[in-house]
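We begin with a single chain expressed as C-alpha cells, specifically the form predicted alone.
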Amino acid sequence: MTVSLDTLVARIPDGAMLVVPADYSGVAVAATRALIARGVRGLHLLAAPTSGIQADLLIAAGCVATMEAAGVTLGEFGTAPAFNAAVRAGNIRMLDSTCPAIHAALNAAEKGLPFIPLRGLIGSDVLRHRPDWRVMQNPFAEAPDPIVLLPALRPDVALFHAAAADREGNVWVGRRRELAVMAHAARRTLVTVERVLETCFFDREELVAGVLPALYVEAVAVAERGAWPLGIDEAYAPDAAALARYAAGTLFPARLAA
C-alpha cells in the first residue's frame, strides 16, 4: 500500500519498540523528521545494530525513552551530541548491547523462537549490565560450558528507506539483508522509497534475491532523497558537508532544540 509520508509515520504509536538500521543500510531520515514533527513520545529505539544521526535527532526532540544499541555515533564526524547529553543527564534508559547480540535476537524473532544462544558475551562488561540476558550451562556438554541466552527482539515497527518499490509493494533491499531480518522480526514494517516502479521485481530472476516481498511490508511512502544527509545504495552517497554541519549543530531544528 502506498501512502503519504505523514500517513506512514502516523502508524508508529507512542511507546513503540522501533527498530532502525545502521547509517549505511538505508535510514529513513525524512520519515524521522516527520515523526518528530508529529510529536511521538516514549519510543524504545532499537538500532540494528548501531545508529547515528537518526537516533540523535529523535533523542534531541524528546521522542525516545529507551535506547538499545551496540553504539550511537556520528562516525568520522564525532560523537552523537544529543545522545551523549541524554545519557549523562539520565534522560533516557540505555540498554548496551553488541552487534552480534542484536542481530542474533532479531534472528530469533524472525524464526519464531523465544530466545537464542550466543557465546561471545561471556566475560564482557556488557553482560554484567544486562540482567535480561541469562547464562546457563550448555545442556549438550558434559564439562562446564556456559552460554548466554538472549530473549528474542520482536519490535513493534521496523522503519527504513530503500531505493525503490515496485507496483505490488515489493521493496528492493539489494545486499542489505539485515533490512529483511528487521522486517521478518517486526510486527509491522514501514518503508520510504526514492520511487515506485511500474514493474514487478519478481518477474526478473536476477532481482529476486534482493527483494523484500510485499507480504512483510505494511505501507510504503515515496520520499525523494529520503535518506539525506545519509546515502542510499544505488541512488546517492552521504553528504559529508551536511553531516559535518549536523555535528556542529547547524543543520536540523530538532538538533538545535536539544
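Source: prediction; values computed, not measured. We number the residues from 1 along the sequence you see.
One more form of this protein should be noted, the form predicted together with a further copy of the same chain, which is absent from this view; the next part is about it.
- Using a 4.5 angstroms threshold between heavy atoms, residue 147 counts as touching a further copy of the same chain in the predicted bound form.
- Of the heavy atoms in residue 65, none are within 4.5 Å of a further copy of the same chain in the predicted bound form.
- Although the partner is absent from this view, residue 116 contacts a further copy of the same chain in the predicted bound form, with a non-hydrogen atom inside 4.5 angstroms.
- Put simply, residue 208 is close to a further copy of the same chain in the predicted bound form: some heavy atom of it is within 4.5 Å.
- Counting a residue when any of its non-hydrogen atoms is within 4.5 Å of a further copy of the same chain in the predicted bound form, the hits in 147-183 run 147, 149, 150, 151, 172, 174, 175, 177.
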